[in-house]
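Given next, in structure tokens, is a single chain: the form predicted alone.
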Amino acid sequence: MKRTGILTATLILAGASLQAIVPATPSEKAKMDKFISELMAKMTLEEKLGQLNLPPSDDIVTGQTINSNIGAAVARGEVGGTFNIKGAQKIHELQKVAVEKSRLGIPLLIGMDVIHGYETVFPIPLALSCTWDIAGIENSARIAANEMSAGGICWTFSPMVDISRDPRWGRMSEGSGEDPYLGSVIAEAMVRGYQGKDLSAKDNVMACTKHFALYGASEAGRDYNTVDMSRYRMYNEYFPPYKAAVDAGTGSVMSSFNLVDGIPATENKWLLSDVLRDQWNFGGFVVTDYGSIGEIVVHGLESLPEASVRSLKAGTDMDMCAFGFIGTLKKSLEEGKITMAEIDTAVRRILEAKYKLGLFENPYKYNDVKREKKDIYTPEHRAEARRLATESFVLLKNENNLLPIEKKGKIALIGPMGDSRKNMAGTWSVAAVHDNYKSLKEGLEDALKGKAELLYAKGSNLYADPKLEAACTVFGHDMRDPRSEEELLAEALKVADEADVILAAIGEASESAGESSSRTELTLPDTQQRLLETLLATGKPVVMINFSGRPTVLTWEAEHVPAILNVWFGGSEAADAIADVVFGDVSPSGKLTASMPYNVGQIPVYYNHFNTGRPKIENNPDFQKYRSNYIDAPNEPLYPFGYGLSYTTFDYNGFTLDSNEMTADGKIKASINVTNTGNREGREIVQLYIRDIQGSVARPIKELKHFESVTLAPGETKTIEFTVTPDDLKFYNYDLDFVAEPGEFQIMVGPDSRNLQSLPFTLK
């Protein structure tokens, strides 16, 4: 039954920008417009096309910038920006070429893939999301902005806000998991952290929200693959984090590699103009991903000149590395396939970005070598990275309270991830200085100094097959041991026999996840599985310290290993942070933001799915014929969204609503008492979900709408209150109107998406 919509908003109103990065007053905007108009009036066509060109940087040698390929192109006015060059002095020299050697002296945008920290590296974004610490996540971006700006960078290709429900996709590591609400809150926080309140300040940088759009839904979890979905699903499940970043004022957006409605995102006018600019009022510029205009040809569409025309007309402003704009648009203009006005629109957007960053006023504002020496990898930054890393770890199992481990006796560290510095920071650590970071072995030794003995053995390689291992340890992260599997196992057994407890440091390597790191099997690699089985057979207590860049399949481990701590990749301070949690200086509090499946055959598996017409009867584990279920596995994941244990326990009771009816302009207060029933302090993430019982279109069985972090002393009780309003009930209906429909709803509160208490209410 279709219900009458209330609080309906048009798409444009629903997408109105809340905080555009523009000059603060009309007079300041007029000043910017006048400056840019006068500058553009002086520019040749070639110089305009140069502003739309984003090539990669060369390996510039200090003092030889003008002689490099990139330096020469900059001097000719053929470059609008470049990326992934590190060092304030090098960047100063390149900027000096732009300002003092090119005809018009237009400064460059200098970008970098600073995804989760500069030299102070924070946990990978998926791990950061598991902290549910929004203030901490914003601060991580603030620290990253401070460091990269000190190093000469003014533009970061972050945040990556793609929703993903398929952990086979390696780039899930760069995002915030499966939920659009949590992903939206984190997207806003990251943009605020990078850009601050004043984009022209010397320690703020411009954010580049990516990848617009739908990249996380690549078919089969295979990178760069096709995406196809309904617009209903786009607007309700995949678009919200992008829109949240736009509302927060992101200065730029990067288009995605994939198709959207059969058209590459880079040249998709509906996506880049109708949605991003017209509906959401985005006022920044759009840059392509690496070479994507050139890849349009490979998709089976038009040639590079035609792809360049269509991309510019669609709303793309800057061409990264395909050289389509600078190489073909002049001829296309002569042929009448594109207009000067269309070129000018894109050029103005690039120049506005440079103006807002303050580069015209001071092109060298980011080239302070004194700042670079004192503001990067500071003790304060490292302490915050260590704290957030401890919050990101998810305790999946802790049989008989095996964790935390006492600092006494002999403790064995065994596994290929135990002594590998370069794999600690995780994927996309472009600016990292790995030699500065501790291996897990070093972190544990420091924590145990004078109290207990740490024994170590590698135990196994990452994979038995050297080719598989090589694919996961690129960029100089090789960790292969030439010894045979038998030799490595024998050494591990010798160490295990001497120990009181075993820490098994196993799982993925840093580049097992990330771009172009898709996997079809998510179980523990073969030789590591044999190592774990061997360690368990000793009868010694075993703690699995699971390194991963994605949700992995731990079904066998959940049955056989007494304690499992998922540590993801915790960044530059991961070693000390793991020691903090393993030895009980900090109690784990991370909660999963992506469901962990029983097996890959369940994928995609996520908590906020739709019901079917034949759902499985609840609380019945057996296979049910003619119901929507599997013969050989449960429907539910092994570990659900929102799940995570602590070293203490929490009790939820006294769940109430102050009313069971809500009006169009009203609200309901939901309250629940949370008590720490254990014997140590702990942090809990209290989660509130809502279900729309009957909609004009199918609605998810539950959706996260609020969460609250609370820290409780042993025996302490706090009442957690949530305010639910009609805005929490809105969604895009069949006609893509943003509405809250009257009818029956449920509010659910609990520690994760599976264990919830429920109460009904009605929206009048």
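Bear in mind that the values here come from a model prediction, so they are computed numbers and not experimental data. Counting begins at 1, following the sequence as shown.
Below, we turn to the form predicted together with a small molecule, even though it does not appear here.
- Checked against the small molecule in the model of the complex, the residues N84, N611, T378, S659 give one hit for a heavy atom within 4.5 Å, which is N84.
- This chain appears without its partner; in the model of the complex, the one residue of R550, R386, K210, K243 with a heavy atom within 4.5 Å of the small molecule is K210.
- Considering the small molecule in the model of the complex, the lone stretch of 342-350, 288-296, 311-319, 634-642 in range is 288-296 [heavy atom distance within 4.5 Å].
- At the 4.5 Å threshold, heavy atoms of W428 reach the small molecule in the model of the complex.
- Although the partner is absent from this view, F157 contacts the small molecule in the model of the complex, with a non-hydrogen atom inside 4.5 angstroms.
- The small molecule is not shown here, but in the model of the complex it comes within 4.5 Å of a heavy atom of F257.
- In the model of the complex, the small molecule lies within 4.5 Å of some heavy atom of D113.
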